[in-house]
Structure formats: structure tokens, C-alpha cells
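Only one chain is included here, represented as C-alpha cells and corresponding to the form predicted alone.
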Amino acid sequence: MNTRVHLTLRTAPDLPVEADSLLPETVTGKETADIAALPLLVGNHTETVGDHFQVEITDGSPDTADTLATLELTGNLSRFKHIGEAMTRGTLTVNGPVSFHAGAKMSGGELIINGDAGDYLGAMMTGGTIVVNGNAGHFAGSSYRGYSRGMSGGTILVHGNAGNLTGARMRRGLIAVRGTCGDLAGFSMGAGTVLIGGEVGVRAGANMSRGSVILLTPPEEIRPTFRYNATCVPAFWPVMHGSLSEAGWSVPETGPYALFKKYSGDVNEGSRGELLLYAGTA
């Protein structure tokens, strides 16, 4: 077992905290005092990890460049932004809610959030896995304003609901939302997959040029810029179903050979994307 670093929040701060320094690679090999001295930007001034957290290290096997310490944060972190941002490897677990930008621009490793996540979860990430055992805000896996490319790799698994513009402008990777999702899921996506288990808002897949938006709960209407092609078992679905089940993201209403109605679109962008609507078991 690797060394485990536990940070327990003493009191929820009154001001927003920039917490991008809290990563497995920044605590690996450090003593308790060194970790407590790591900087945190609170409002417009710098404080330290020790000002807000109780630090505890549980010894395990010596950390190496390939075996980072496991970092665990506990408390109400709803004012802590950028947790796990630009993470490259290792495991970071958060027991509590987090604020905006969690896992944004991460390229590897695993971020587990046992609570709700704010807006821009996994925005512009290129690799790694994010698991949210709660709800996610708007713009999960999307691009930031002014940028044309959202998430381009990795996996986001949300066991609750997600907000608007989930997967907007994504280029690769998988976003799976177990509950409901807001408007414009997969907006202007160029590749990748967005899977939604519950009800979805309006204009799913609008302006998509490639990629797949899979809806297990068919919407009340399909955009007129999508055309029905066929009802079939997508070639990738049995593999995806098995992978999600292994990851604990259950798909009880479907089996590995589920039927989907396939619609091509958006015709305004060349009709190379697809909406797949669950249609029963083959």
C-alpha cells in the first residue's frame, strides 16, 4: 500500500480558495510539516494548507516516481476551486462537495469525488478518470469560453445529475451521466461519447459534427436537423456496457445487446454525428 496523505478540513472558509496545489505529486515524499506549508490562494492573499487542514500521513510502501502517495481530502470543500486541476497521475479522493474546475485540464490519474461537483468539472481534460458520486454542475467536460476544444480524452462518470452543456465541444473521451442532464448535451461536439441515463433537456447534440450522444431515456422530441437511419445494436455498445459495469456505473435498464434508434446529424454540420435512443432489448 502506498503512503496515504489525509487532509481534514477544520472549518469551511468564508472566501474562495484556489486549491490547485493539492495533488498526489505535490505531497509525495513530503513530511507533515512540508505538506502543511504548501500554499493556498485564499481570496487575494496566500495562506497555507496547515491553516485550513489537519494533516496526517499513514505510512505505506516508500513512494517512488511511479508510485505516488494517495491523497484524501475530507470536509465541506464547496469553496475550494481547481481541486485536481492539471493532475497527471495518482489517486485523489475527496469526501465532500467541491467547487468549480475540479479535474480541469487533468491528463492522468483518478479523481474520486464523494459529493457534488461545481461547474467545469473535467473541462478540457485530456486523460485520466473522474468519478462523481453526486451531481455535477454545468459545462462538465466542455471547453472554456473562448476555446474551441473541450475534453479530448479520459472518462467522466457521474452517478447523479449534470447541468447544461455537458460535453460541449468535446473531441474525444466518454462522459456518462446516470441521472438527468440539462440542455444542450454534446453541443458542437467533434468526437467522443456522451451517455445519459435519465431525462435530458432540449437540443441534445445540437451542432455536433461527429461523435455519439446516447440517451437511455428517449427525449420528447428530436431536433429537425437529425435524420432517422436505422434501429440496431451499435458495434461498440457491448464493450462499453461491460466497461461501465466493471467501473460500477450500472446500466440496469439495458443489456449488452440493447437496440438503439440511430439518428444522424446535425445536418448543418455534415451529418456525421449520431443520436442513439434506447429502444429495447434485441
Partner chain sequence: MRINNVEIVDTFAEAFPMAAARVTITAKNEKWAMQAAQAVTGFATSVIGCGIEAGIDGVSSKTPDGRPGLDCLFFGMSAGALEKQMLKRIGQAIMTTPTSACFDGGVSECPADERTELKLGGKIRYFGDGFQASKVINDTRYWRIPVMEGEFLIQESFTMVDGIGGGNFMILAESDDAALAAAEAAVERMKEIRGVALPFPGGIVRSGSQVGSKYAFLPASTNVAFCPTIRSRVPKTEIPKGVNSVMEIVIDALTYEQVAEATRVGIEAACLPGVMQITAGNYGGKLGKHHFHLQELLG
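Positions refer to the first chain, counted from 1. Predicted model, so just to flag it, every value in this text is computed and none were measured.
The discussion below concerns the form predicted in complex with its partner chain, not included here.
Note on contacts: among 99, 193, 91, 133, the single residue with a heavy atom within 4.5 Å of its partner chain in the model of the complex is 193. Only one of the listed residues (82, 159, 138, 172) places a non-hydrogen atom within 4.5 angstroms of its partner chain in the model of the complex, and that residue is 172.
Across the proposed site, 47, 75 and 116 without exception lack any heavy atom within 4.5 Å of its partner chain in the model of the complex. In the model of the complex, no heavy atom of residue 33 sits within 4.5 Å of its partner chain. Although the partner is absent here, residue 243 sits close enough that one of its heavy atoms falls within 4.5 Å of its partner chain in the model of the complex. Contact check for residue 274: a heavy atom falls within 4.5 Å of its partner chain in the model of the complex. By the criterion of a heavy atom within 4.5 Å, residue 234 is counted among the residues contacting its partner chain in the model of the complex. Figure note: of the listed segments 185 to 193, 198 to 206, 142 to 150, 161 to 169, the one touching its partner chain in the model of the complex, with heavy atoms no more than 4.5 Å away, is 185 to 193. Contacts of stretch 250 to 282 with its partner chain in the model of the complex, defined by any heavy atom lying within 4.5 Å, are made by 257, 262, 274, listed in sequence order.
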